[in-house]
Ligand code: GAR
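Shown here is one chain on its own, the form predicted alone, set out as structure tokens.
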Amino acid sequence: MKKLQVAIFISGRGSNLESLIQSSYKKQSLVKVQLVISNNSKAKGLVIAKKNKIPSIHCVQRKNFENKVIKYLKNIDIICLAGFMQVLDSKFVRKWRLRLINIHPSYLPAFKGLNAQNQAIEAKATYSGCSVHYVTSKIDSGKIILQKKVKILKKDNTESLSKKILIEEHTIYPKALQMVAKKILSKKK
């Protein structure tokens, strides 16, 4: 069976990138990570891509970012945003509808946008979590694919909550990617 080709957009350390790559190596995986694109030339995730022999590019220009990377996406079936800290152009988002997914460190719809873990702590929420969702032109508002709750303890702070959420992200993001791949493949039949 031919696997779907995945591009992963990153801006930082690449821990979700690593979990997606490792998951793609499993025999039953429906995807292969073909490309890593970063908007940060110093992103540690680029080292992870190199270590795994996955081609990577970086394009630090915000203006026309999508036009600059589109030529690299010709054979790509799915794009995963993994800590990609840039809002994509709505035209680009529409073109990749139901094939562009993101992970967010909150139990959406709560705490959208930046610093979600800190938002949860400041709101004295009893739980937060992580959500994988389809990307739409509205920030963190696309249809949810998979979520996991994380209990917030009284002793938690932004850092401890972030660590707990990240552990769950590494579990649900690969699962959600497989779910999306299965949907796409079923439509191709």
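In this text, residue numbers run from 1 along the sequence as written. Here the structure is a predicted model, which is why all the values come from computation and not from measurement.
There is another form of the same protein, the form predicted together with glycinamide ribonucleotide (GAR); it is not shown, and what comes next is about it.
(Q) What I'd like checked is whether 76, 101 and 174 together line glycinamide ribonucleotide (GAR) in the model of the complex, meaning each has a non-hydrogen atom within 4.5 Å of it. (A) Answer is no for this spot.
Q) With a 4.5 Å heavy atom cut-off, would you call residue 85 a contact of glycinamide ribonucleotide (GAR) in the model of the complex? A) Residue 85 belongs to the contact set for glycinamide ribonucleotide (GAR).
Q | Distance check, residue 23 to glycinamide ribonucleotide (GAR) in the model of the complex, heavy atom within 4.5 Å | A | Although glycinamide ribonucleotide (GAR) is absent here, residue 23 would stay clear of it in the model of the complex, with no heavy atoms inside 4.5 Å.
**Q.** in the model of the complex, residue 178 touching glycinamide ribonucleotide (GAR) (heavy atom, 4.5 Å)
**A.** Because no heavy atom of residue 178 falls inside 4.5 Å of glycinamide ribonucleotide (GAR) in the model of the complex, the answer is no.
(Q) Under the 4.5 Å heavy atom criterion, name the residues of 46-76 that approach glycinamide ribonucleotide (GAR) in the model of the complex, in sequence order. (A) Read in sequence order, no residue approaches glycinamide ribonucleotide (GAR) (within 4.5 Å, in the model of the complex).
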